[in-house]
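Coming up is one lone chain in structure tokens, specifically the form predicted on its own.
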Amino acid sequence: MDNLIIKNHETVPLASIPVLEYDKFLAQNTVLLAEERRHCVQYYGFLQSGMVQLLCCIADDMHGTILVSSALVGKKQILPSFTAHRPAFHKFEREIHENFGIAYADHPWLKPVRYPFDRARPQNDIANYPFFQIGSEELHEVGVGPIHAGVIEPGHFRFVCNGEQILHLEIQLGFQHRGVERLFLAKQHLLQRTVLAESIAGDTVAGHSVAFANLWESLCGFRAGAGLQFARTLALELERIAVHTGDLSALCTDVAYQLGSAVFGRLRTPLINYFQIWCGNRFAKGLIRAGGSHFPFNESLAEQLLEMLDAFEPDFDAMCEETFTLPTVLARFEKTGVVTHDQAVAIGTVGMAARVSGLNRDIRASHPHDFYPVLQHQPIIKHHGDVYSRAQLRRREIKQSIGYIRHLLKHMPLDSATPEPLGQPAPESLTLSLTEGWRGEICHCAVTGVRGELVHYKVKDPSFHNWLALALAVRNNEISDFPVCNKSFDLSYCGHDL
């Protein structure tokens, strides 16, 4: 194999990345995905000397490495697709097509992804999206959206149904393209870029902030001390507990179990309120900063956190026991919204959506960072791929994260996390940062120019991989099961649209 092997958060010279002929580039990367232990963490293009440099990053989860290779192609060229060999590449190639006009002769689903203002084909308007259709007098279509009634975010769901049974769902996103990646280049100050990272997905502030901070520190040759790594790991696990608890409340709401909805919702509140105590914001904005922290963790915060968890845990356990033994809840959760192991592998799912289908994908274990090597994280894996499994995974991950936090608090580092000046970013370099957010794998990539300035910044939220899993999950279910299926994934609209 002709590729560069790097580690998570490693900065390398751009010139060290092999540039292959496209046919070899295609063959090499599609062959790599033949084994389940590898998956694509990023595949995108950026302009380089009038050409498009395609950059493919394949993670090897067994060895904790990332295999990087590239190819130079012309704009609006017609190429054979990776997707024809490995469906997991479908979204990446659709975005490349949308951004640069590069066409793929054998791509099965070459449709718009985000509708950026500078897209290669302005005529591809969101109003004329080419939905898949089935011609039949017995079937009917149901459109939902484009405004989600619960989270008030835009996404359109087009169902093809036979009576109440869903035969096909197509999910159209791209309604709120915010230009986040372009803003990373336009903004020149580190604080501005940090605030951008915090704003990628409102429910994953810690996840995206940690990914950006680790990337920027690597780019500047800065090594975070134990205090910073401790705080970042703590914030990630607290965010996981808080969102998972809120999701259990929402799942109960969707099956009309009011007690579970109320109690889990109430239990989420002290978790996010703890972030308010720690950094002045309930969603952890302002907490994670490259090079230091304005809110260092201390003994007083540790005592308050332990008190909060001591109050939370018995009520959480009691509510879980009620919820997961109630026949009316189990009847709606079990065997609903199934994604099989083969489907999860084929479409490249990550995070919770992968782990409930027996696919071991968790950056905390495969590409660990901060304090995760100390915790020696063991991913929780389930095998039925249904709503019940996704709810149970949340329950078990909450308990696991509480255990991690208790362990961390017993081994608090004493070094200061006071902000320190960072050096200049390395010139003509690539940095890749992977973080396991509560939803799954987050990936940030940066490319710098001759003076160390950002020339390209790429963000991937786990939702980018997993929206197709939802579309597959609802097939052959009744349309009334869609809300609980949707919430069991809890994917991000804004994290996808960027």
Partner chain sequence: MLSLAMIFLASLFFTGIVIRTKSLVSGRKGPGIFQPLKDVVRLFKKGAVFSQTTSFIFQVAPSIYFASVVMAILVVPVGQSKGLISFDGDFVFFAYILALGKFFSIISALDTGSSFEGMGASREALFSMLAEPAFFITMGSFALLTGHTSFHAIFTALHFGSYVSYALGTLATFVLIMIAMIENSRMPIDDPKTHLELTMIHEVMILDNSGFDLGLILYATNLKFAMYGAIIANFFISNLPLALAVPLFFAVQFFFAVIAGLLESFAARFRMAHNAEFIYTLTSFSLLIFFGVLLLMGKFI
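Positions refer to the first chain, counted from 1. Keep in mind the model is a prediction, meaning the values are calculated, not measured.
The same protein also has a form predicted together with the partner chain, omitted here; what follows describes it.
With respect to the partner chain in the model of the complex, the three residues 143, 255 and 332 uniformly fall within 4.5 angstroms at the level of their nearest heavy atom. Note on contacts: among 303, 164, 415, 420, the single residue with a heavy atom within 4.5 Å of the partner chain in the model of the complex is 164. Checking 262, 381, 405, 375 against the partner chain in the model of the complex, a heavy atom within 4.5 Å turns up for just one residue: 262.
The partner chain in the model of the complex comes within 4.5 Å of no heavy atom belonging to residue 18. Residue 23 falls outside the set of residues with a heavy atom inside 4.5 Å of the partner chain in the model of the complex.
Taking non-hydrogen atoms only, residue 489 never approaches the partner chain to within 4.5 angstroms in the model of the complex. When the partner chain is considered in the model of the complex, residue 159 lines it closely, a heavy atom lying within 4.5 Å. Residues of just one listed stretch (221-229, 72-80, 332-340, 389-397) have heavy atoms within 4.5 Å of the partner chain in the model of the complex: 332-340. For the partner-free chain shown, 478, 479, 480, 481 of 460-481 come within 4.5 angstroms of the partner chain in the model of the complex, judged by any non-hydrogen atom.
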